[in-house]
Structure formats: structure tokens, C-alpha cells
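Okay, so here's just one chain, in C-alpha cells, the form predicted alone.
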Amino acid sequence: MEKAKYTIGVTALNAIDNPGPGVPVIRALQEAKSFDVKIIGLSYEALEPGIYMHDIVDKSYTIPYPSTGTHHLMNRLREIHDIEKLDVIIPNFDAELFSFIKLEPDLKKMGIHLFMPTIEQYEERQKVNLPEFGEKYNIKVPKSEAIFSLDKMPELEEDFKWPILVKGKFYEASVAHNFEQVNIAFNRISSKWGLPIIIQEFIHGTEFNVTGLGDGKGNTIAAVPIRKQYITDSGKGWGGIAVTDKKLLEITDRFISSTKWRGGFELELMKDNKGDFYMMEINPRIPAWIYLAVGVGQNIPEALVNLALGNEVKPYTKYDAGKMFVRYSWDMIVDLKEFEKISTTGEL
């Protein structure tokens, strides 16, 4: 029986020291057993490497930055859809998720399907709302406070012990041991990602992540936990190993069942010296290390596409612990004409 073929748009084709999930998501989709794919790359910058990976991306188009507003994004997606007849879009950048969530009903009318959290789910797991989230769903979270000005810091010294974490609302975090380091981190991160900045209790321990998929009805479709083996200076995992930990999976199941989470996610947790897990962040999208989940037996992007299209999806019940990923980079040689074309025409 011939498999269906879907045209799927994928964002986050960048591959800097904090790489986007786009390329590993595409690799996962190409290994899907239930369908074939045509991949449409959706890029914000002409230097996103995925644009030039012609063995995995069939065609690429530039799209406007989220800051320009949903109207401009919708118009561009309509232009691309008229040409490519997109079946599904998988957004992978934190900063673009809100725009795509808002546009989901209109895109569905056009025949473009997404499978993303609701606005309510997206908002309540925001870093600034994490304390309330933990209390509501009975999940341990570190003490944190959102600030809009460094004038607030002297008041917080009584509530926090050094060191502390200084975190951006979308990306980046720095460990600070004194007010001078807080000042440097505050200015650097806020200049890139805006306000507020989150001051968070520093939990000493071992870092774990879980990627998974909820069906929007409280059921866990997939869940793969890892322990980070190698972390870059910017705090990003460059290597990790799939682990078996009942507590991690119980926390994940509780997160999905309590929130009725819809779509992919990444939980960032810290295990302290007492063996307790603290939820540090909840990222409402697929992480850049998603290909490890595929490698251990759970093709989360494939399942997400099937959920988006209303196809039957059976939950994954096992994975191969003990396998690890090690990230690497390599240089592509690209004809300048290709760069000029995507820069001037917005497609390649």
C-alpha cells in the first residue's frame, strides 16, 4: 500500500552554538514509517544552514520576524501555501510560537494543520509564571522572581542565596555570584530578549531533560528523558544519554495529564543531592536534541504530524535507554548565487 506524502513546513534551520530544532526535526520526518514528506524550510535569516542542505530541504522560503506582527506572517504563509500546498507546519522557535498559536484557526481554514499548545497552556508555563504553575500542579519548582529593573535586586537579596540564575524570558541564563555579575547578565540578556528578566534560585545538582508529546486530552504519546553529558558555556547540551528514571516519567505524566498538554515539549529539571527533581523550565516545543528520541525508538515529530492531521496515533510505551547523542558541526560549501537568491527573492 502506497504511503501518503505530506508537504511540511519547518522553522528553526539555524545551527549556531545554540542550534535550532529544525534540522533534527526534518531528519526525524524523513525517517517516518507512516508517510513520506516534502520539506519546506521556513527561515528568518539567509545564513541559516538548513536552507542549503538540499538533501533534506526540498525548498526554502524566508518569513518575516514575529516582531513584525501576525498579519505579515499570515500573508507570507498564504503566498507560500499557494505555491506549495502545505499540509502541516512545525514551528520550533520560542519567539515565534505565540504568533503561530494565534494563527492556527486561520491556517486550518486554509488546510494547514498545526499541533501546538493552547494560548492558556503557553502562557501559564512561562518562566515568569513558574511558581504559580508549580503550586497549581504540585510540581517542585525553584524560587523565582521576574524583575523589570535592577532597582529591585537589593530587595531580593533577603529571599535568595548566592549564587543565583539570571534568565531571559525566551533564551539564555547566567549564574551570578554577586550584584556586579547580575548587572552584566541583566543588561546583556535584556538587550537581546527584552524584559522581564527572571531571577531564579540556583539548584545544585544534575541536569535532566525530558522531551515528549501530549495529545491534548491528558494522554502521554511519547516521553524520553536524558541526562546531559556535556554542556556548553552558554548552558546548552552538546551531548546526552537516554536514561530510565521512574520519577522523571511520573513527573512528565503528571505534567501532561494535569495540563492536558497539546503538542511537543521539553522539560528542564534539576535533581538535587536529596534526589528531588525541580522543574527549571518548560519549553513548549520540540528541543534541538529530538533526534536522540528517534534513535531510541520514539519518533516524536512523526507522531506530532499524525496528530495534527487527525490520524490514529498509538502511544509509545518503551525506548532504548543507554544510547546517547554527541553533537558536532561541519562546514558546507555553498555557491554565493544561492545566498544571493534567498536574500533577494526570499526563496531557494
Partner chain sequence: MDIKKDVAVSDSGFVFYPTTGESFSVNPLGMEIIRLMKDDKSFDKITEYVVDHYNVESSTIEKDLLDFIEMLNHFSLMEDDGEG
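Numbering follows the first chain given and starts at 1. Nothing here was measured: the structure is a model prediction, and the numbers come from that model.
Missing here is the form predicted in complex with the partner chain; even so, the following discussion is about that form.
Within this chain, Asp253 is remote from the site of the partner chain in the predicted bound form, having no heavy atom within 4.5 Å. Put simply, Gly69 is far from the partner chain in the predicted bound form: not one heavy atom of it is within 4.5 Å. Heavy atoms of Gly322 reach within 4.5 Å of the partner chain in the predicted bound form, making it an interface residue. Using a 4.5 Å cutoff between non-hydrogen atoms, Ser258 does not count as a contact of the partner chain in the predicted bound form. Only one of 175-183, 244-252, 115-123, 191-199 lies within 4.5 Å of the partner chain in the predicted bound form by heavy atoms, and it is 244-252.
With the partner removed from view, the residue among Lys143, Arg76, Lys102, Lys271 that has a non-hydrogen atom within 4.5 Å of the partner chain in the predicted bound form turns out to be Lys271.
In sequence order, Phe208, Arg227 are the residues of 193-228 having a heavy atom within 4.5 Å of the partner chain in the predicted bound form; the partner itself is omitted from this view.
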